[in-house]
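Next up is one chain by itself, shown in structure tokens, the form predicted on its own.
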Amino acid sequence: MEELTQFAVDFAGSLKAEYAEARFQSDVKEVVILKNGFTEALAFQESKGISVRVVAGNSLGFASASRLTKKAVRSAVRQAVKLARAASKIPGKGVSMSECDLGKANVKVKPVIKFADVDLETRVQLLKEVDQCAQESAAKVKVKMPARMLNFTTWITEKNVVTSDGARVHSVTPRVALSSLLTALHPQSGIVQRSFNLGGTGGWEVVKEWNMFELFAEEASSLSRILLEAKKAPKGVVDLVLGPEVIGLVSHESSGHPGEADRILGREAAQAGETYLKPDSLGLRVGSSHVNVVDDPTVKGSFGYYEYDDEGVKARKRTLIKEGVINEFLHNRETASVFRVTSNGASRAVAYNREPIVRMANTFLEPGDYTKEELFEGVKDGVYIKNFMEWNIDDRRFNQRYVGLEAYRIKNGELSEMVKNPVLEVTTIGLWSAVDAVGKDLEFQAAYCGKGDPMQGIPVWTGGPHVRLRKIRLGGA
């Protein structure tokens, strides 16, 4: 498709566009949905086309075409230029793209086991056996699993990005994901639910690495214990240890999203919310010296993996918070131009007909020096929140609330009884400032990050190590 994307860029130039980029994108997906042990749906989805984005009259215009012909591409280019010139009549600062070292590369992730080598029957049978494993694990303690939903997806994304100032990037990325919702029931104790996602880049070998039977048995056992054993959670000021799942969510929601430069500039205010950070917030202390939050698309095998973004910029690790201080924002070429910096490769689009915007990839707290046992040893009286049941955060990504699911009391450095739904209500700065020790371990969870209008749910990883916080107030329902 390089010939057609190059044609789009050249044609935009003939229409006097100051900048042009064309992106071919193809997404081929196979989906299996298992509901309560029965096959709910089997689906094959294919989406492909070309998008064009231009700067004309110092304004941006975007259009796309689903037909891969020169006639359709010409029409899309004309539409993009027309939109840009119409937008240029609105008073305001003009749009430009920052200068960058743009890629000329062919990046193909080669699977060890191709998806095509694993037939549909094998995939369905695997999900059914995993589903049965979860039920059997709960049944051992007379807990039922009346509702289970497993959504398994494999897909291959191919992109070809060409820009008028020199980018030429072709990529092929296979991904696999599993979204799960488990509901456990005990007649005397009520119900409890758990949702979690698995995801990675690669072929069927990724699925094998998940150890799904062991994982689902553990999840079902944990839900059963919560129903049967959990005591009332304490309230008041305590020391906390947060697990990687919670820390990953915090890193994503209260560090990644606030650091998106388009959000800081106000573009996202009416769509996904605002941010407590300002354009001059670089250097602002928001946490203790133990806090280093990064976003890194180059983590091999990650759900958010890419080597070049959708503007042809080489990807790299972005250090959002360095030793507790805001260090850099996430940029595409447009926002980088406003801030007079170089893009750090954060431009992503989820489909050919979606505009590339500033996005996260894999956002996590970097590991520290403590073992998990050492973190617990330092707590005389506290709570360990391993994972969460629910969460919410305000539009400015400052005030937030997390309700624990699997959680325990810590007494004299040892895990004690399981506690039910401890509630953590805290500000972003209050949470990060309370961190006094960070674990050596590092775990990731898959997620789909939502942003934009129309909505773009893009694959990401969230993660981190176990973390200890001092003197945090716990509330409760």
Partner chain sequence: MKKSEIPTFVVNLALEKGATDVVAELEDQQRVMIRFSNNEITVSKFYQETLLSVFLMIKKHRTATVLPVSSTRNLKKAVETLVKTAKVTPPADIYVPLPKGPFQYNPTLQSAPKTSLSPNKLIGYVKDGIDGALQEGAKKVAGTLIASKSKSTLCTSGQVYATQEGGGLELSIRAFVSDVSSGHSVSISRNEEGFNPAEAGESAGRIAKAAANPTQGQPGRFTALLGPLIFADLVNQIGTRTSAFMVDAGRSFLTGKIGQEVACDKFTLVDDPTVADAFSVRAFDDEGVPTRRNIIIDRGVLKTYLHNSTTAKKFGAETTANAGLIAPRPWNLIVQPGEKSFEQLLGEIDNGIYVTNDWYLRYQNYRTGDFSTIPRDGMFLIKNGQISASIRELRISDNMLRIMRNIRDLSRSRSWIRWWEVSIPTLTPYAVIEDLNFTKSGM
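Numbering follows the first chain given and starts at 1. Quantities reported herein were computed from a predicted structural model and do not represent experimental measurements.
Although it is not shown, the form predicted in complex with the partner chain is what the next lines describe.
Quick one: does K440 come within 4.5 Å of the partner chain in the model of the complex, counting heavy atoms only? Close contact is absent here: in the model of the complex, K440 is far from the partner chain, nothing within 4.5 Å, heavy atoms only.
Contact of R401 with the partner chain in the model of the complex (heavy atom, 4.5 Å): Within the cut-off, so yes.
Is T69 close enough to touch the partner chain in the model of the complex, meaning at least one heavy atom pair within 4.5 Å? Output for T69 is no: heavy atoms all beyond 4.5 Å of the partner chain.
Could you confirm whether L4 comes within 4.5 Å of the partner chain in the model of the complex, counting heavy atoms only? L4 lies outside the contact set for the partner chain.
Proximity to the partner chain in the model of the complex (heavy atom, within 4.5 Å), stretch among 160-168, 204-212, 82-90, 106-114: Residues of 82-90 come within 4.5 Å of the partner.
Partner-contacting position among K140, K278, K300, K231 - heavy atom within 4.5 Å of the partner chain in the model of the complex: For this set of options, the contacting one is K278.
With the partner chain left out of view, choose which of V338, M149, C133, L284 has a non-hydrogen atom within 4.5 angstroms of it in the model of the complex. Contact check passes for M149.
Interface residues of 351-369 toward the partner chain, as seen in the model of the complex [heavy atoms, 4.5 Å]: Going through 351-369 in order - heavy atoms within 4.5 Å of the partner chain in the model of the complex - the hits are Y352, N353, R354, E355.
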